[in-house]
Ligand SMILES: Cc1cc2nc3c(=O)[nH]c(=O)nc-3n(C[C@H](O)[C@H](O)[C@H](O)COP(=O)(O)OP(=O)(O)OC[C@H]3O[C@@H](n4cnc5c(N)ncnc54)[C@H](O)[C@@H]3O)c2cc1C
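Single chain ahead, written as C-alpha cells, the form predicted on its own.
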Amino acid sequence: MSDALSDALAAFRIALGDDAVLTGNALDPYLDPFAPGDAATHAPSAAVLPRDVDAVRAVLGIANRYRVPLWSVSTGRNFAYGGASPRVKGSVVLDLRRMNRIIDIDQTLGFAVVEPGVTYYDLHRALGTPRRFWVDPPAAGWGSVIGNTLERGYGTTPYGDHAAHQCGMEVVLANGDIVRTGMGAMSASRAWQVFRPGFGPSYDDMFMQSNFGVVTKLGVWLMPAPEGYMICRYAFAHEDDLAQIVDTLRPLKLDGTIQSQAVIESAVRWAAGVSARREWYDGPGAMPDDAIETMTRKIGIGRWNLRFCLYGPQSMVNARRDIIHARFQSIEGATLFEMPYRNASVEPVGGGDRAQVGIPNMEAFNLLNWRGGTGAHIDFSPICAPLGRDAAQQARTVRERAAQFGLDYYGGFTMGTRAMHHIFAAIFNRDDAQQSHAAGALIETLMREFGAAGFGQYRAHLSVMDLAASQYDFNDHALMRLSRTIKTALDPNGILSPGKQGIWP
C-alpha cells in the first residue's frame, strides 16, 4: 500500500468513522461477480460509505489532497457490466448505499425525490396501497433508482425509459461544490421536479454515464396507475419472422397503440427463465436448431416471443388489442396469448409480467441457472433502429458469432418509440475457465464487428468501455475531446471514476 493511500484511509476513518471504511476481505462484495476472467483485474483497494452530502464532500476533499482515485456506485448492482468494481485497479469505491432516504413522494403531481441507496423495492413499498402511482422497475428490482437511471436503464411500462422520466438532480462536483440542476437552482423553487430545463443550459444529461460529479439526489416521475391493464404475448413460429415482427410493431409503437415498451425475446431467452439447458441439450457447443425446436414445442413458446401490456379502461384496452391483433394476423403462425383484463389493483402472477404493472421482482436472475455451475453473464448492448432488416442482421450476426464461441443466443429487443435496445447475454459457467474466456472474447469480437457496421453500444462492461467509446469517432473523436475538456475543467486531479465510459483525466 502506498503512503498516499495509507494516509488517505486514515483521513477517511477520521471523517467517516471506522465502520465506514472497508479493506481486506470486506472488499469481496466489490469484486465483479460475473467477471469473464480474473475478477482481481478490477479489484479496489478500499471502500468508503458516507451517510450524507457533507460526508461525500469530506471524501472528495481527502481524495483530492492525496490524489486517490474514487469509483462511485449507488449500490453497485450493475451486474453483467462490472458490478461495483472500479475501472482502475486499486481505486477506492465511493459506495453511496447508506444514503438511502426517500426525500419526497408527491401523490398529486406524481414524482419522487430519492438518494442513491434507494432501491426500486424501497420506492415501490413507500408508494403504499392502493397505489395511485407506479414505479417502473428494471429487470432486477434490487438495484438503485439513481444508479439505473444514470446508466440510462430500461423497464417495460410506458415510463420504461428511465432517463427520460428523470427531473432534477443534486450533484456534488469533484471540488466539493453542490449544484442543483434545472429549477432546483432556485433556492426557493416550487417546480424542481416538474420542469427539467430551468433557465439557461440544461445539465442533467451531462451527469448520466459520466464521471463529472456525484449525484446525491434525483427526481423521478411516476406513472399514474391506470384503471386496468391487459398483458399480451405473441409467439411466432419461425426464426426468420423477426424482420416482419419489427416492421409490424414499429407503427403500433409510433402512434401509441402499444403504450408499454415492447419486448421481443428469443426462444432461449424465454426458456432460460423457466428451465435449464440440460433439459434440452447437454452436448458441446451452442444448442443445435433441432434441440431449440423441440424445446419451443414442449414449453409452448415461439422462436420469437413478443410481450407488451395495454392500459386504461376496458373498452379502450379491447379496442387497442383488436387493432394489434389485426396487424399481426399477417404473420403466418403467429399465436396470441391474451391474459384477462384486470383492475389495476390486481397483481399478475408471473415475475416478468409483474414488472409491466410496476412491481419489482428478481425473476431475471433465473437465467443464471441456464448453463449450470456458478452462473454468470456479460452483456452486449447495441442500439438498433426499429427496422426489420437491421434487427434481423444484428440477431443473425450475434447468433453466428456466439455459436463460434460455443455459446447460445440469449437475446432480444426492447422497442421504445424510435429505437430498440438489443440485449444479448453471454451466459457462462464461471467454474469453467474455457466458457469464461469465451464469453469475454465473444463480447469484444461482437463490439468490433458491430462498430465497423455502424452499430454503437449504449452500455458496456468495464473491460471494454474504452473500446466502446473509441467507436464514437466522428471528426477524429470530437465527442471524446469535448468530454475530456469538461473532465479537466471539473476534475483537474482526475479523482472521480477515471476511465468510466472511456473518459480519462
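Residue numbers here begin at 1 and follow the sequence given. A quick note: this is a predicted structure, and the numbers were derived from the prediction, not measured.
Keep in mind that the form predicted together with this ligand is missing from the display, and what follows is about it.
Taking a 4.5 Å heavy atom cutoff to this ligand in the model of the complex, the contact residue among Pro382, Gly143, Gly219, Gly358 is Gly143.
For the options Asn305, Gln394, Asn148, Thr181, the residue carrying a heavy atom within 4.5 angstroms of this ligand in the model of the complex is Asn148. Only one listed stretch (52 to 60, 22 to 30, 455 to 463, 436 to 444) carries heavy atoms within 4.5 Å of this ligand in the model of the complex, and that stretch is 455 to 463.
Against this ligand in the model of the complex, the set Trp134, Gly228 and Arg354 makes no contact: no member has a heavy atom within 4.5 Å. Residue contact with this ligand in the model of the complex: Thr75 places a heavy atom within 4.5 Å of it. Among heavy atoms of Phe450, none comes within 4.5 Å of this ligand in the model of the complex. Phe365 belongs to the set of residues with a heavy atom inside 4.5 Å of this ligand in the model of the complex. When contacts are judged by a 4.5 Å heavy atom cut-off, Tyr121 does not count as touching this ligand in the model of the complex. For the stretch 93 to 130, the set of residues having any non-hydrogen atom within 4.5 angstroms of this ligand in the model of the complex comprises Leu96, Pro116, in sequence order.
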